[in-house]
Each structure stands twice: as structure tokens, then as C-alpha cells.
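First, one chain by itself in C-alpha cells, the form predicted on its own.
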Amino acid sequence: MLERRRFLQHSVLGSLGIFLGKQGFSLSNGTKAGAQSKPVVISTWAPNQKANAVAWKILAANGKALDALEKGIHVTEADPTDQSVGYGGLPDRDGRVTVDSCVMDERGNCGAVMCLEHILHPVSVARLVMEKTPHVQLVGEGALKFALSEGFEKVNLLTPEAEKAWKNWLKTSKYDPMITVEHLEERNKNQPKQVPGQQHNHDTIGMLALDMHGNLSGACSTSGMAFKMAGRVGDSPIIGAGLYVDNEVGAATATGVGEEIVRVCGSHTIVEMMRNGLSPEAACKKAVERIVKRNGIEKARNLQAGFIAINKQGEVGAYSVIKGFNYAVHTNNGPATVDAKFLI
């Protein structure tokens, strides 16, 4: 049975001295990550602190939010030890690695690619869809043709480790995308050793940033569910589901079982909740509550969906269906990792 991440319940890294509150996270000195502490970058999952570090260098140098996010996500897309994003990602049931990505900037411009093969950095292709075409989404062969026309080179995204895991999975071909627990102790130590043939993650790197100019942007990248049906696309490249940005209000992104996130238009829902005055954390909780209400508590116990959000003031927050979701954040006070609150 496919398994996913397991984090210690509410285990905040003690050396960072941070906690999660109603208005987002606070630092040990009591200072909120508000407008006075721009810039801010936040991403799903603790190991993506390394992606935040690259993004932070651009933000700290007065760079634009979207530029920072694109370079930060490149780190995860090129990491062969991350089996849920880009190179090294686990394939579909036919043994093909397909990737999805989207971006959205402070002006509401957006671009996405879905079911794209052979391209190392789909987030950059998504940005070019936004900047160079009249469209929002390109899919499959069309997305690949566009990427190649823009100078991207074909690469083999299937690593030997991922191929071995797929071949072991084929022995039973047991597929349950709702199961959401994975070996996380190793992953959280940046030692993502995988057991071939066990259920692996179907996660995403979602990143949001507020730059020195006060502008927000967001980006996502994923290789989707391990051993998914050929052609399956989750929430990650869908604007309004896996990502949404409104520069007047805030931004949100998601990770987990994409079908559930799509069904509640999760990221757009969160931004609208913030527009109505809720904090980032409270807004994320509302989206989680909708998922649980739709599924019922017993079914929801076996699925995971997590959200992160940032508002125009630079306050951040998160929430998930079940325990085990955390996020990485970087401000002028340095990097930090926070375990998100959860509903069940």
C-alpha cells in the first residue's frame, strides 16, 4: 500500500524557537513576520528550506518574487532524492515521469504546463507560457513542443531508483491514492531514503513570496501521484486549486491529494477567506474543513491535504487535514520550519 509522510505531531524544531498562532507564525522575540519584515518566502514541507535559501538570496537583493520562486523551485526539480518533484520523480503506472507546474504573478498573470515529459524545469516552461503565449495552460505533447521551441532540452527524468521502485510496485500494482503516510523521519533529516516498492509520496513543492516591493507571487511543481493513471493531473498546475495569488489580499498553495483540493478550489477559497478578514491560518483551516465535511471524518482520516498562505502584510499560516504536514519559511529573522496545525 502506498504510504506517505509521517511527522511528529506539533514537533517544532526547538532550536528555531517558533510557534504557530492565529495570525501566522511568530519568532522567539515576539516579532511577527508582518509588513515590517519583508521579504518573506514560504514553501510546503521542511526539506524545501534549501529551495527557500536560493529564493531568499534573490529577495534579499531586492529581486522580484516570481524570479526568486522560479530559481528556488529549480533546486527541488533537479534533486534526484525528491521522488515527488521533477528529476527522480516516481512515474505513472506505465513507467513514464510526467510533471506539472504553474506560476502566478502580482498582476494576476498565470501560466501552467500539465502532463509534460522530458523537461527538467517545468516551472520555467510554465512561466514562458504566461509570458510568451496567449494561453494559460499547455498540456502533453503541445507543452513539450513549446518547451523545445524555447530552447529546453530533453532529459530522462526517470532515475534508476525510481525505475526500481516502479518495477517493484508492478508486482502487486496495488494503488490507493487516498493513503497518505510516508517515512518522514528520514525525509525531514534531508535523507530521503526510499524503500523500493513501498507507497511513496504524491507531494508538491508550492512556494509563495512577498518581495521588498510589496508584491506577491506563487509557483508550484510536482511529478504527481506515484504510479498514477497515465494522463492524470492533480491540483498543482490548476490556478485556483493548487495555487492562487491576489496582490491586494494574499496568496495560497497546496499539497496532498490533488483531487480533494480541486473539488473545493482550495487556494482560491483561502484567498477569498483572507479577503473577508481571516488570518492565513484561519483561512487555511476553512479550506480543510470543507474537505473533511465533503468526505466525512472517517474517510478523511485516510487522506491528506495541506495548505500554506501568506497575506499582504507578510503574515503566514498553514493547516492540514491530518497531522504530519509542515512548511519552511524564511524572513529577515532567518529560516524556520513549522509543523502545521491539523483538523483530525
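What you see is a predicted model, and the numbers here were worked out from it, not measured in a lab. Each residue number is its position in the shown sequence, starting from 1.
Beyond the structure shown, there is the form predicted together with a small molecule, which is absent from this document and is the topic of what follows.
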Please identify, from 160 to 168, 245 to 253, 267 to 275, 218 to 226, the stretch that has a heavy atom within 4.5 Å of the small molecule in the predicted complex. 218 to 226
Among V257, C115, I238, C110, which has at least one heavy atom within 4.5 Å of the small molecule in the predicted complex? V257
Sole residue of H74, R93, R232, R263 within 4.5 Å of the small molecule in the predicted complex, by heavy atom: R232
4.5 angstroms heavy atom contact with the small molecule in the predicted complex for S101: no
